[in-house]
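The chain below stands alone and is given in structure tokens; this is the form predicted alone.
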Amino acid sequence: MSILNCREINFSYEDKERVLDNLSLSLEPGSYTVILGHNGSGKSTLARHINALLLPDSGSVEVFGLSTSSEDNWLEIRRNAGMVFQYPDDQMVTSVVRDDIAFGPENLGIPRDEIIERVEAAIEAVEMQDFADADPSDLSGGQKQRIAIAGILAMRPKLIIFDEAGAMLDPQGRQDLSDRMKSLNEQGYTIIHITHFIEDALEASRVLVLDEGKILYDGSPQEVFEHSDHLKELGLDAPFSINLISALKARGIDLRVTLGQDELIDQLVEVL
């Protein structure tokens, strides 16, 4: 059964043009989906609909079979659909890392002994044991993002939405975040990653490209990146391997589209 069903949803902010335009989408449990799009394409607005932070003007959104249109479902939806935002400081509420991670489970009414167990497990999962008693404000951006993830993990969700969570990180920090998403997906979490960094899509099983509130492309990374010329027009540059293949094709060297570095090297050895 799909864990997410968006059916013909439309949404506009007050006095603005439509941000989501008759958009339909379903996601399967255990999937790893990257949603790409330039600023204003509607991707973060879509993320907030999944978490019931926004409601569609028309159409319907169901998360784990629960309609976001009913306020009675919001707590259960947010319990199972955790969200990591672009600015981790916005998710910090205490002056001690361990207490900050415990904040979510405490608000869910989880028994104290279980909260302690969940917090320690979450700290270990993001490899922040040495900072459990630190003040979050003293941590680096990447470390703060790990703590934000730990706070979500402690709530034991089934789905984690990363909404531009790597936007404020340096390349190494984004790679660390991407590796962590992949690891969480391998552990059984359903992952949605909202981003405008196109290389973030390389590890995903499914890639969606949004433009003007509509799904423009939907497929595997390789299938989507076959439209690299159009993606560039949308302000989404292709990964290095795709750009290299395009440049070589323009010079008469015919290569298959691939995202794998090893496969690209094998092809180059064959033709050069």
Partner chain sequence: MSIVFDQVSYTYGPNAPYQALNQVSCTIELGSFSGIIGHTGSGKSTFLEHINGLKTPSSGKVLINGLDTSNKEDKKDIRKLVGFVAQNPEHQLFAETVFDDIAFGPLHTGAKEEELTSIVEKSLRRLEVEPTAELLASSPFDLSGGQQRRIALAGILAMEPQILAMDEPLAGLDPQGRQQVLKLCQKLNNEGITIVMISHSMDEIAEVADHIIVMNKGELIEHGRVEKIFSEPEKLKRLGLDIPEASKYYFELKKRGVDLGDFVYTLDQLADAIAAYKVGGVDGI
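Numbering follows the first chain given and starts at 1. Treat the numbers as computed from the prediction; the structure is a model and nothing was measured.
One more form of this protein should be noted, the form predicted in complex with its partner chain, which is absent from this view; the next part is about it.
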So in the predicted bound form, is its partner chain close enough to residue 188 to count as touching (4.5 Å, heavy atoms)? no
How about residue 180: is it within 4.5 Å of its partner chain in the predicted bound form, going by heavy atoms? no
Decide whether residue 227 counts as a contact residue for its partner chain in the predicted bound form under a heavy atom distance cut-off of 4.5 Å. no
Taking any heavy atom pair closer than or equal to 4.5 Å as contact, tell me whether residue 156 reaches its partner chain in the predicted bound form. no
Its partner chain in the predicted bound form has a heavy atom of only one listed residue within 4.5 Å, and of 65, 219, 235, 29 that residue is 235
Just to confirm the contact call: exactly one of 38-46, 56-64, 204-212, 219-227 touches its partner chain in the predicted bound form at a 4.5 Å heavy atom cutoff, so which is it? 38-46
Could you list the residues in 69-92 that come within 4.5 Å of its partner chain in the predicted bound form, counting only heavy atoms and keeping sequence order? 86, 87
